[in-house]
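Okay, so here's just one chain, in structure tokens, the form predicted on its own.
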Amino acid sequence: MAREVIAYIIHKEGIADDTAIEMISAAHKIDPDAKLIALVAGSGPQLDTVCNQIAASFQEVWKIDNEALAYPDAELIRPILTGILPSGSIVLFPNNTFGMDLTPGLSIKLDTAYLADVVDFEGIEKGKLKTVRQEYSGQVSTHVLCDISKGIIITVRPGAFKADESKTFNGSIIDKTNEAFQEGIPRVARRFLEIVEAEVGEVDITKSEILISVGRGIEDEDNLEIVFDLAEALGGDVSCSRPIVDAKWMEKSRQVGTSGQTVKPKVYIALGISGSFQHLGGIKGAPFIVAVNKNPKAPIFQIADVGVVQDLLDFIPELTDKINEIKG
């Protein structure tokens, strides 16, 4: 019997998050022959849209539909999942703010192993799952062996696994709503009030096709001028990581990451950015990523299509000059 891997699908306004397809790659690295099950919670027609979309990539889709789930509240969803996840399940969640809120308590309730922020899997050997995490801001890769005899809850770093659309299914959609709410709607201490959209600054980086993003490696505010020169040469916009905003060198509207903006450019150039999961969590759509960092062990290189180990203060002006020369 094929092993089952269940992936929790994040979605918004009827569109599944990019992590949905990334978790297919993660599941195949756990077990290439695994049966892929998507678990989708939400409410109304938008939930049906997501389920139909996901069914093309998963063999089964478990749907939980209730008005109370219109906004993803981890405190509400945790007891619901406890009631429907089979004993011994391998369950994947994105390592975003929602996943980090939900999963530790869920693993305790299910009495399973728990592993957060996984960047790679190396298969199962003698009932133990071999995984890879990163420590010390990505400077060290840690190989972790987990006993999965009682199941395991795992959060997967967004962007760590390439989206896998190689297989298509006509997956069956199974309504788990009655099973999930057989004891009624759980009572929770918190409730959703409203979504406050981030302010759009002078440049809306969420609509940019080319982003030149700068991090703490730029060293000084005065050095930002060369970044804007490069952006002008490329016809792109300038964005940044959180340390630049914290230093008040750029406005919050230019920040990429889980506490900033979510962007989907075609090209993303990361200058002096280490590549924390909080930053990478704001990059969607599998852009072509160019990373420039003088630290060869920077985590950003693990997801970059092109990596340049160089002092960006030397590299950026040379690149700008070369681009302008080619443009004539």
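C-alpha atoms forming the largest set that superposes within 1.5 Å between two forms make up the rigid core. Position 1 is the first residue in the sequence shown; the rest follow in order. Worth saying up front: this structure is predicted, and the values here are computed from it rather than measured.
Omitted from view is the form predicted in complex with a small molecule, to which the following refers.
*Asks:* Partner absent here, but in the predicted bound form, which of 177 to 185, 236 to 244, 116 to 124, 150 to 158 has residues with a heavy atom within 4.5 Å of the small molecule?
*Replies:* Going through the listed ranges, the match is 236 to 244.
*Asks:* Ok, Gln302, Ser276, Gln53, Gln59: which has a heavy atom sitting within 4.5 Å of the small molecule in the predicted bound form?
*Replies:* Here the answer is residue option Ser276.
*Asks:* Looking at Asp204, Glu251, Glu219, Glu165, which is the one with a non-hydrogen atom within 4.5 Å of the small molecule in the predicted bound form?
*Replies:* None of the other options qualify; the answer is Glu219.
*Asks:* Although the small molecule is absent from this view, report whether Ile283 comes within 4.5 Å of it in the predicted bound form, heavy atoms only.
*Replies:* Ile283 lies outside the contact set for the small molecule.
*Asks:* Although the small molecule is absent from this view, report whether Pro287 comes within 4.5 Å of it in the predicted bound form, heavy atoms only.
*Replies:* It does not: once the small molecule is placed as it appears in the predicted bound form, Pro287 has no heavy atom within 4.5 Å of it.
*Asks:* Classify Ser107 as contacting or not contacting the small molecule in the predicted bound form by the rule of any non-hydrogen atom within 4.5 angstroms, answering yes or no.
*Replies:* Contact check for Ser107: no, nothing within 4.5 Å of the small molecule in the predicted bound form.
*Asks:* Any chance Gln46 has a heavy atom within 4.5 Å of the small molecule in the predicted bound form?
*Replies:* Result no; Gln46 lies far from the small molecule in the predicted bound form.
*Asks:* Residues Gly215, Val256 and Lys294 are flagged as a possible site; in the predicted bound form, is every one of them within 4.5 Å of the small molecule by some non-hydrogen atom?
*Replies:* Judged in the predicted bound form, Gly215, Val256 and Lys294 all sit within 4.5 Å of the small molecule.
*Asks:* Do you see a C-alpha shift of 2 Å or more at Gly14 between the shown form and the other one, with the core held fixed?
*Replies:* No, Gly14 moves less than 2 Å.
*Asks:* Quick one: core overlaid, is Asn223 moving 2 Å or more at the Cα between the shown form and the other one?
*Replies:* Indeed, Asn223 is displaced by 2 Å or more.
*Asks:* So that I can tell if Pro32 moves, could you say whether its C-alpha shifts by at least 2 Å between the shown form and the other one after the core superposition?
*Replies:* Pro32: C-alpha displaced by less than 2 Å between the shown form and the other one.
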